[in-house]
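Okay, so here's just one chain, in structure tokens, the form predicted on its own.
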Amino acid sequence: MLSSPVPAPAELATPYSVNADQIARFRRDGFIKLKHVLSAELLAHYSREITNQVGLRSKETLPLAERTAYGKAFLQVMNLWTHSQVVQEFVFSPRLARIAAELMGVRGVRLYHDQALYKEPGGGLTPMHVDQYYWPLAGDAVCTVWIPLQATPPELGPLSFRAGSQRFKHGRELAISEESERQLQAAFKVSDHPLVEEPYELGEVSFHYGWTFHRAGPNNSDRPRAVMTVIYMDADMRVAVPANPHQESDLSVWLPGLKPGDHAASPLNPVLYPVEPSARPGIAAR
């Protein structure tokens, strides 16, 4: 693990303004897409190092045809910030962390972990799921920023969301699988949570709650779909009793040395953005 934070380049430190309407929409819908958050030049710079690290650290060896639905969905490499000072600059961005804190209405956010998600040419559907199924965290103030490193038209498999589904309880116990896709597609046919499925422009990012249901289409192009994500949690988050084996694994890997009830503040979970007590109040959606 790298020993200390590094200064963020100016663009990654400059605040991005989110207004009251955007904050209200995020809390109502469980997600929001924001345009012009990062420049093309900055994305090109960091994309080179992120892609290099994914190539060095991906452990996937099976051909696509022999993988599970989860394995076909993407190459997944986590906590790249601990291996590369360049990636650390990106992941520790105060600009992105401040957006997360303001959207959730918390006084500050910590890093849970980062995650590169590369969908190979011919890569399959990412089935419908919720991320927080995997996380042993005792609160709902957790969100992910999904950052495409290129423009992402429909054929590359952009992320899509079920609007307002952070309050939908059915299917929260399902891991990412063909079965989760089947069950949830059937459940949402009779719900009032419409599917929002749109391309991403270069520089556009999205934030979604840990309990918001989402999926991504297959990559029907001849080039990889490169995405970097950062997961933020309330700076005051506590560790929950693990509810499944995945959460037990996450507790040991991403919250090392901690136990249920502890403040979720291991050395792998630095504060990325503090919000003064006088800042805009609010609570995460339940």
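One rule holds for the numbers: they count along the sequence shown, beginning at 1. A quick note: this is a predicted structure, and the numbers were derived from the prediction, not measured.
Not pictured, yet referred to below: the form predicted together with a small molecule.
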The single option of 98, 113, 214, 110 touching the small molecule in the predicted complex, heavy atom within 4.5 Å = 214
Taking 4.5 Å between heavy atoms as the contact cutoff, choose which of 159, 87, 149, 141 touches the small molecule in the predicted complex.
-> 159
Applying a 4.5 Å heavy atom distance criterion, does residue 102 contact the small molecule in the predicted complex?
-> no
Indicate whether the small molecule has at least one heavy atom within 4.5 Å of a heavy atom of residue 117 in the predicted complex.
-> yes
Heavy atom to heavy atom, is residue 33 within 4.5 Å of the small molecule in the predicted complex?
-> no
Does at least one non-hydrogen atom of residue 126 fall within 4.5 angstroms of the small molecule in the predicted complex?
-> yes
Using a 4.5 Å heavy atom cut-off, indicate which stretch of 40-48, 243-251, 222-230, 25-33 touches the small molecule in the predicted complex.
-> 222-230
